[in-house]
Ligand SMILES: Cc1ncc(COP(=O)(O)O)c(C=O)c1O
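Taking the form predicted alone, here's one chain by itself in structure tokens.
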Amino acid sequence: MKNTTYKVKKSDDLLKQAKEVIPGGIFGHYKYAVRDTGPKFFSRSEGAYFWDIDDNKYIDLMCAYGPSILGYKHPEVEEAANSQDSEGNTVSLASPVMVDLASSLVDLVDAADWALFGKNGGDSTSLAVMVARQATGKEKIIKIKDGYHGVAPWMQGKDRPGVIASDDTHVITINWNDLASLENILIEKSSEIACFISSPYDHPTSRDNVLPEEGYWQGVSNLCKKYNVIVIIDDVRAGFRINLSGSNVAYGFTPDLICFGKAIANGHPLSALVGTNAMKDAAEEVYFTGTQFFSASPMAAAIATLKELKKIDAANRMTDFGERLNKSLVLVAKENGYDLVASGVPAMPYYRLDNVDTRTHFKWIDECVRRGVYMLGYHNHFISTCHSDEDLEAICNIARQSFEALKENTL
């Protein structure tokens, strides 16, 4: 069952060349996705697919780690970006499109009374913490253990290269779904704590994703309000895939600040921080900017993206596809003698083979990639509105072949 026609020689050769001029050849989070037998560089993309430089085609279940929510090269989005670019992109003044985008977000997102913009999700989370500190006059941050909010030193932790012990001095870490620990910390240190930051549900790498328990977010909101602590939702990853009005709407609470990124402009570089009117003065006072923060083309792309998401009821469409995909893959695994766990929300599934060692799980992922489904073994996946019923059938067929290959290799 081994796929003998699959080759990635051009990718391997280019990686060797890249290592001469780029530390590690491929850096950042893309570095962790590089496996010996898999692709390293793409040549083109369209819809739910991309091709590597060896011309292998993949159904993409990573969607560029989330940005491609409508699929690659979406015509309306690209037309909006190109049209704005023909008039000007990064200019010495802000574009009116910035006001239009802020208005679109205020109209769409339930908790938004205003919006500010950056480039990456980490811009939004760092700005959110600064706004919370300005609003409260306090300095400490509560975050969830293994929760990811960007690469700022305060987030990475002191054991990471290039980070010093003092960088996270003001960060307190608690477990997910642990209201009692949150309450105890607030009772003890509320005079020091500016904010509580978390994703809407727990989606760490390398372990099952976990949804909030019943009443969890209502409890968090009540405690933070009682002790004058700002609630920040990092919706960079899940934003617009659970609920178009903000993931918090699905869980029945209203945060003070919400961070968006990734899917907001369907792959064009943009992030946003939105907030309530109570946070507006503090947001105005904080200085946080960047040379490309006012680039108009990504903002035009974002307006087109948000419009299309509403038009096609995107969150429900992706949820439906994800539910059907998860159910089908679990069944395929069972038919082949394996237990597949699909956790998290349907539009961002995390897959894990249960009752086998980690190496077996990664071998199955590798076999899927070799046959044309791009997946990762340690990260949640992403559904786009471009994934079709034909893709679902192809993914399941490839998963079946990969399980069969896995059994052959273990005999």
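These figures come from a predicted structure and were not determined experimentally. For every residue, the number given is its place in the sequence shown, counted from 1.
Keep in mind the form predicted together with the ligand is missing from the figure; the text below concerns it.
In the model of the complex, Gly121 approaches the ligand with a heavy atom inside 4.5 Å. Residue contact with the ligand in the model of the complex: Tyr148 places a heavy atom within 4.5 Å of it.
The ligand is not shown here, but in the model of the complex it comes within 4.5 Å of a heavy atom of Val236. Taking the partner from the other structure, the ligand in the model of the complex has a heavy atom within 4.5 Å of a heavy atom of His203. Of the stretches 216-224, 149-157, 305-313, 319-327, only 149-157 has residues with a heavy atom within 4.5 Å of the ligand in the model of the complex.
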